[in-house]
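Here you get one chain, nothing else, as structure tokens; it is the form predicted on its own.
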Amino acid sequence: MSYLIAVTGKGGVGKTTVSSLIVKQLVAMGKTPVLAIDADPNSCLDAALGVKAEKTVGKVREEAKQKVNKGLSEGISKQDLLQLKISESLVEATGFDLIAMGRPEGAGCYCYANNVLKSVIGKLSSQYPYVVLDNEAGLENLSRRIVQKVNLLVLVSDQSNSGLETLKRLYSLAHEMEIKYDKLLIVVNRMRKSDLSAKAQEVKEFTHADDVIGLPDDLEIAAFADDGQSLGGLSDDNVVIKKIYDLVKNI
């Protein structure tokens, strides 16, 4: 049974950074192989992890659709063809594999691709002790039931009052959508002060979160992001790395 960690929050707060660092620490601690799922069409989890997703679910969906329309898939159903192509789009790396959702490259919605991705994830995840899902802003992917249950739901915010208030709305929305999770963690990212604010504590109480941690606004991470470098190259004594280590250690 896989342990699923889903990371979400509003846009621009560092969800992908948090997701990639969780993957990095899981690998460093030998909790491998890890399946990293980039479920944000605007995300770049592959770059943060130092790999390249040449094909995405959105892209292979269009390829499969074109093959079916041209009659080039004789002997195989559209769903089987798409499942095969999604499996082929898996990026293999040391200690982890990555699959990216991407965007549809033609007309149509994600509904069909979502259903197939859900099926593929169900089959793939059984091969991985840990799965890290980097979501798009909000709870869209979880609400589509791409995964049935989350072991650890990580809500990420910056330290602003508006950002933290968004987490309260996401928490309420999660309950309205009946999203199931075992544990809830609040991560306040890019903190410029050492202590968590009263607002962060208020959010913890409102959401009944199991814990809340603060990650400092780190110059090394900012420099890596500006240069488009993989976060895998961060120094082991980086303060954010140490915080993520404590997070992973306590899973």
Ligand SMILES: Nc1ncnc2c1ncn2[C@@H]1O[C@H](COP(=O)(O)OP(=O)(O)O)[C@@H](O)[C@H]1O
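Just so you know, these numbers come straight off a predicted model, no measurement behind them. Start at 1 with the first residue shown and count on from there.
Just so it is clear, the following notes concern the form predicted together with the ligand, a form of the same protein that is not shown.
Interface residue among 53, 200, 225, 209, judged by heavy atoms within 4.5 Å of the ligand in the predicted bound form: 225. Using a 4.5 angstroms threshold between heavy atoms, residue 218 counts as touching the ligand in the predicted bound form. At least one heavy atom of residue 10 is located within 4.5 Å of the ligand in the predicted bound form. Residue 24 falls outside the set of residues with a heavy atom inside 4.5 Å of the ligand in the predicted bound form. Although the partner is absent here, residue 232 lies well away from the ligand in the predicted bound form, with no heavy atom inside 4.5 Å.
The partner is not drawn, yet in the predicted bound form one stretch among 24-32, 201-209, 54-62, 187-195 has residues with heavy atoms inside 4.5 Å of the ligand: 187-195.
Applying a 4.5 Å heavy atom cutoff to the ligand in the predicted bound form picks out 14, 15, 16, 17 from 14-42, in order along the sequence.
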